[in-house]
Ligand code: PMP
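Take a look at this single chain in structure tokens; it is the form predicted alone.
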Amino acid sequence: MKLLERARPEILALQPYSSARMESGVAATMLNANESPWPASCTAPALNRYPDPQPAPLRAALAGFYAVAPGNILIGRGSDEAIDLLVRAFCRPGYDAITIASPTFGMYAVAARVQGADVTEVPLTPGFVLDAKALLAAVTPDTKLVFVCSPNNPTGGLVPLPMLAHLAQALRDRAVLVVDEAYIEFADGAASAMTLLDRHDNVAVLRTLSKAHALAGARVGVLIAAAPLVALVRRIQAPYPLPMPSVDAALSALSVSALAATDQRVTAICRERERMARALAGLAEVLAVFDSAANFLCVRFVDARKAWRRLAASGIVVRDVSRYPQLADCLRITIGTPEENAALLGALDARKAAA
């Protein structure tokens, strides 16, 4: 895989840490990892053994769900871990860089700056559309990773698959195109960038069970990429990234009945998203409600801080994203239950507040 030549030489030469579980798997008597031979005195399932670093049942379930081979899957602690691992694997401190289209998810820049890598920011258009030409123009020989969030957080915009395919082709053997699809389930059946993997070995897709699958507390994220890229990143992953309760929760969430319930939740959230967009747009203090393919709305207010305080006084917390480029006076509002959404609208309605 030619793209691996762009990875850090010291990572390619690294002898990765080999945990006891990696070396021997599971046996009837486990005496190789300095574990307690007895379960803890608590009501939780037996947790005295270290978990499988990449549990085969979960890896197989995720591979089946995403229609890829198990070798294309790396499971980690949310998408955040995959972002950090990719940056550490490819970016040498003080030399290399990532490119992002801002405003976007803040962890891409945080991971790069912690690593000592430069961050090149390319503004989205005034309508929060990705400018592919400008993005590619910003890529230099030092650029190792290009992050695209689709649907984008915090604006909610979706990047069309043909544009992603164009970026992947233009970046071939130059940089990894990392497509973060944390919210893709809410995008009305939009095609995933995973469909590009067969033709573009420089594409890496981030997925998560935190959003649509309602497992934010379990912290289960997935990196889907060419097998050599997955193997490279696994070299520097922590020995035991997945707690066993999280693995059990993820397997349960991928059952037939759970997936059916997930589909119902996603449908309800999308329906509420459209209703909330119309209702918010009708409020006097709202200047704009931006199109969203995610489970949230980005809303521009006359005075975002005033609106935020009014909601907080009613016990409702939303995200103030005014600090992001181009998002002055904007709040990001997650779509809740119909009852929660009604309470939010009631708290924002100036006429009701004055009554």
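Worth saying up front: this structure is predicted, and the values here are computed from it rather than measured. Quick note: we count residues from 1 along the sequence shown, nothing fancier.
One more form of this protein exists, namely the form predicted together with the named molecule; it is left out here, but the text below deals with it.
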> Going by heavy atoms within 4.5 Å, which of 223-231, 105-113, 124-132, 67-75 lines up against the named molecule in the predicted bound form?
Replying inline: 105-113
> Which one of D201, D180, E185, D84 is close to the named molecule in the predicted bound form, taking close to mean a heavy atom within 4.5 Å?
Replying inline: D180
>> Give me the residue from T262, S210, S192, T120 that has a heavy atom within 4.5 Å of the named molecule in the predicted bound form.
In response: S210
>> Is T143 near the named molecule? Define near as a heavy atom within 4.5 Å, in the predicted bound form.
In response: no
> Is there a heavy atom of R273 lying 4.5 Å or less from a heavy atom of the named molecule in the predicted bound form?
Replying inline: no
> Does any heavy atom of A175 come within 4.5 Å of a heavy atom of the named molecule in the predicted bound form?
Replying inline: no
> Are any of the heavy atoms in Q237 no more than 4.5 Å from a heavy atom of the named molecule in the predicted bound form?
Replying inline: no
>> At 4.5 Å, heavy atom to heavy atom, what parts of 142-160 sit next to the named molecule in the predicted bound form? List them in sequence order, or say none.
In response: C149, N153
